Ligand SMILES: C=C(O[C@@H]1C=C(C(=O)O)C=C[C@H]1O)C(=O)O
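Okay, here we've got a single chain as structure tokens, the form predicted alone, with questions on binding and movement later.
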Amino acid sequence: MKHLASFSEKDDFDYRDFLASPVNFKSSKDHFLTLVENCKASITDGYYQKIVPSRREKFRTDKSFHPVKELVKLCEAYENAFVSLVYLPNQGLWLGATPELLISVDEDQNFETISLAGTQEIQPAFELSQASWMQKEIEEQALVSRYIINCFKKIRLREYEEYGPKTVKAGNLIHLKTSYKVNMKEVNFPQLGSVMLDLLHPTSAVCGMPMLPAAKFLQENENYDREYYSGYLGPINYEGATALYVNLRCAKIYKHDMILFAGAGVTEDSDPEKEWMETEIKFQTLLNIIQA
């Protein structure tokens, strides 16, 4: 956190001086479309229910770009997201605004996790009551929900509350969301948060189902290192509460560039061109706010 404080405390400090340039790479639309087709073929053959391929893209930052200023802008624009700016030695500077809660435990020992899937781009004046979802999006979100419930079954937890699915807004996007809540005192399960964290990560919303085979498929076919994209971050035991979020809608910041990451949930009903457009739209959730 000392690095973050120094950005705003020293007017003559240039964060660009200590961040290296990104590794050169070329994002290929053809590769991503082929990857989606391969995902669909594997799902149709019965090996998987869902796979979540991702891609990255490099963007030039504006001369006036400053990470702390961009952080403030994201906080103002995405009031329902977890906004973060994190620097790690040898791992770089990461900026993000993620709407996806992985797990939380509040000071009263109430546990929560969510199922978040399906994506649509909206206009600023859009009313949530006007949302209309296609079968593919409904099925995608239902798969994530069933995965959470199956995790509860693994640990023989039956006393949970389910809310949703409902439409929620995150910047210029809407998603389908279902919340699952458990009173850890009532079920006498004080370790529920850490147990569910191990079971849920990586979630089917960023990996696929079944989880381990889908993860192996992506490692063999995505052809790049996700680094901290689709990992998790957040405050732990801060004032008695913990809240960890999936690291989505994020960018790795370099001297004059940044790399953005985005994924798309593929089922047997997916259209490769539409999945490509979904990743483009997700890039825009950050690009609409930050200067690039």
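None of the values given here were measured: they were computed from a predicted structure. So that there is no doubt, residue numbering starts at 1 and follows the sequence shown.
Absent from the display: the form predicted in complex with the named molecule. The rest refers to it.
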- Flag this candidate site as yes only if 66, 70 and 252 all have a heavy atom within 4.5 Å of the named molecule in the predicted complex; otherwise mark no. no
Partner-free chain; cross-checking the named molecule in the predicted complex, the single residue of 196, 116, 102, 214 with a heavy atom within 4.5 Å is 116
Given 88 to 96, 177 to 185, 118 to 126, 148 to 156, the stretch touching the named molecule in the predicted complex at heavy atoms within 4.5 Å is 118 to 126
inquiry  = Under a 4.5 Å heavy atom criterion, is residue 32 part of the interface with the named molecule in the predicted complex?
reply    = no
Contact label in the predicted complex: residue 229 to the named molecule, heavy atom within 4.5 Å
yes
Taking the named molecule as it sits in the predicted complex, is residue 39 in contact with it (heavy atom to heavy atom, 4.5 Å or less)? no
- Contact of residue 262 with the named molecule in the predicted complex (heavy atom, 4.5 Å): yes
Restricting to 203 to 232, the residues within 4.5 Å of the named molecule in the predicted complex through any heavy atom are 205, 206, 229
